[in-house]
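One chain comes next, on its own, written out as structure tokens in the form predicted on its own.
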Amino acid sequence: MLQKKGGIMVVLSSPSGAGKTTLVNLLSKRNNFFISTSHTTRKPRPNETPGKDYFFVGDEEFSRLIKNDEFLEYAKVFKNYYGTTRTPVIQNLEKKNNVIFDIDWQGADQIKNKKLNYKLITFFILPPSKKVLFERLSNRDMKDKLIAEERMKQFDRDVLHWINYNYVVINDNLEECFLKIQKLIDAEINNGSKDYDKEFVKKHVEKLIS
């Protein structure tokens, strides 16, 4: 077994609207994580800043990055491409900076399969209920119910990937969810005891998809 070196990698994934981006920003501010900023071919939302939230690029530029093997992971989500470039991630990990990723299950699988020589901890974030998720999506997408409904259809497929993550955390209360993630990261790093009930998570998933 190779000794893990440098910083650690933390992946947060979730079905659209479950709150992973807000949690990533909280972890970055309070734990001094470097956020891996993804490239995407989708258009910016009104509240997003290019270069901070995403690097917004055209299809041609994204294809060039794929061709040059510059992505650590990339995937097509809701008709747009998203991808993480390798160089800034590796540079930060080598400097012993911890890196946090806001990516979907496809990207998480790709990073796991790369088997990089850095500690990797993966989290899947779930909403407390489908009703709450629909409300969050409707508010976020400026009350465009067609977009919200499209994401709700995808939810039943996305949620099935929870089993491939180290931990699943329910985002009922943002602060409590953040503290739970923080405690699990600390326990992983320090080989401490982990307050985690997989059976409870399984029952919650069954309730969400029933």
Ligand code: ADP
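This is a predicted model, so every value here is computed, not measured. Residue numbers here begin at 1 and follow the sequence given.
Absent from the display: the form predicted in complex with adenosine-5'-diphosphate. The rest refers to it.
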Non-hydrogen atom contact Thr49 with adenosine-5'-diphosphate in the predicted bound form at 4.5 angstroms: no
Residue contact check: Leu179 to adenosine-5'-diphosphate in the predicted bound form, 4.5 Å heavy atom: no
adenosine-5'-diphosphate contact in the predicted bound form: Met9, any heavy atom under 4.5 Å: no
is_contact(Asn68, adenosine-5'-diphosphate) in the predicted bound form, heavy atom dist at most 4.5 Å: no
Heavy atom contacts to adenosine-5'-diphosphate in the predicted bound form at 4.5 Å, residues of 152-188 in sequence order: Asn171, Asp172, Asn173, Leu174
